[in-house]
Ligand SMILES: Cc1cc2nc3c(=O)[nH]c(=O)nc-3n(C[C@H](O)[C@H](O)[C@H](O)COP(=O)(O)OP(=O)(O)OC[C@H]3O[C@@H](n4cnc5c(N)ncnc54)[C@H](O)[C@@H]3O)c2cc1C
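The chain below stands alone, shown as structure tokens; this is the form predicted on its own.
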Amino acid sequence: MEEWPEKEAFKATTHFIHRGDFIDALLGVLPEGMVKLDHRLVSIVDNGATATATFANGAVVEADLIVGADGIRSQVRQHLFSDRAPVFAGEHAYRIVIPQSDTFGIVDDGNFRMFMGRGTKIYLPLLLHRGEPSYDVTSLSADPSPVPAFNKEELLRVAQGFDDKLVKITEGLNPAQVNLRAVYDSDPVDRWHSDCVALIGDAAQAMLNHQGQGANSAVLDAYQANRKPVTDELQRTSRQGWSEDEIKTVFPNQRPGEIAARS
């Protein structure tokens, strides 16, 4: 875990942690055998005092409380709380973790880097102790396929006009390691829980990646009364993306040229 490098600008202490490390930390405190894989939910019934979940493999579970942490296409949400489908943002998101040595010095100072222009956002968050920044590109696309086919030439076209180092990073990417997804969020739902079923994370409040608040919010979402007004606002602002004025306000120490104005 590392401190956010811009803490003086924000007047607050924030920490980064790799998702893989965080998942390992959570799993490490659970008793052996508690996590069971290969269970795909097909139906859930709210009985009032208990809830019953039925899975594709034939397993049936009745419990005092069932927590639906099953993502943006949550079956728990669709069965019990809202049948509204996820909303396509008109964007594709490319993500890949690369060696720090492959960034041509862009992140060697440990600071977060963001480049923007013509509907494209390129982020390079870095965990120094891992030495592996994430190269994240979000670009406009009309293809709503949840898992589109990756086309390296298309990503190179998106990178053109930005810093030459970003183009070089893109040229060196291994296509087999790039994670490509169409970007979706969800409309706010009226409530997250009943007496025996609760939603959490993307199942409750899926939001676009522009604020970097999806996973953070999932950790904090245990209390609807406190959290729902916050996540409703985060969902709204995340749909707006970033403007150059907002970047200058939020990152006052941003050096000239790091916001790529493309014409």
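Numbering starts at 1 and runs along the sequence shown. Just so you know, these numbers come straight off a predicted model, no measurement behind them.
From this point on, the text means the form predicted together with this ligand, which you will not see here.
A.B. asks: Though only this chain appears here, would Q224 touch this ligand in the predicted complex if you measure heavy atom gaps against 4.5 Å?
C.D. replies: So Q224 does not count as contacting this ligand.
A.B. asks: So, in the predicted complex, is A51 in contact with this ligand at a 4.5 angstroms heavy atom limit?
C.D. replies: Flag for A51 set to no.
A.B. asks: How about Q213: is it within 4.5 Å of this ligand in the predicted complex, going by heavy atoms?
C.D. replies: Yes, contact at 4.5 Å.
A.B. asks: So in the predicted complex, is this ligand close enough to A218 to count as touching (4.5 Å, heavy atoms)?
C.D. replies: It does: once this ligand is placed as it appears in the predicted complex, A218 has a heavy atom within 4.5 Å of it.
A.B. asks: Name the single residue among I200, I44, I66, L234 that comes within 4.5 Å of this ligand in the predicted complex, judging by heavy atoms.
C.D. replies: Looking at the other structure, the residue within range turns out to be I200.
A.B. asks: So in the predicted complex, are G105, R130 and L173 all sitting within 4.5 Å of this ligand, heavy atoms only?
C.D. replies: Verified in the predicted complex; spot residues all out of contact, no.
A.B. asks: Quick one: which of 157 to 165, 71 to 79, 188 to 196, 107 to 115 gets within 4.5 Å of this ligand in the predicted complex, going by heavy atoms?
C.D. replies: Residues of 71 to 79 come within 4.5 Å of the partner.
A.B. asks: At a 4.5 angstroms cut-off on non-hydrogen atoms, which residues of 19 to 58 are near this ligand in the predicted complex? List them in order.
C.D. replies: Contacts from 19 to 58: R19, H39, R40, L41.
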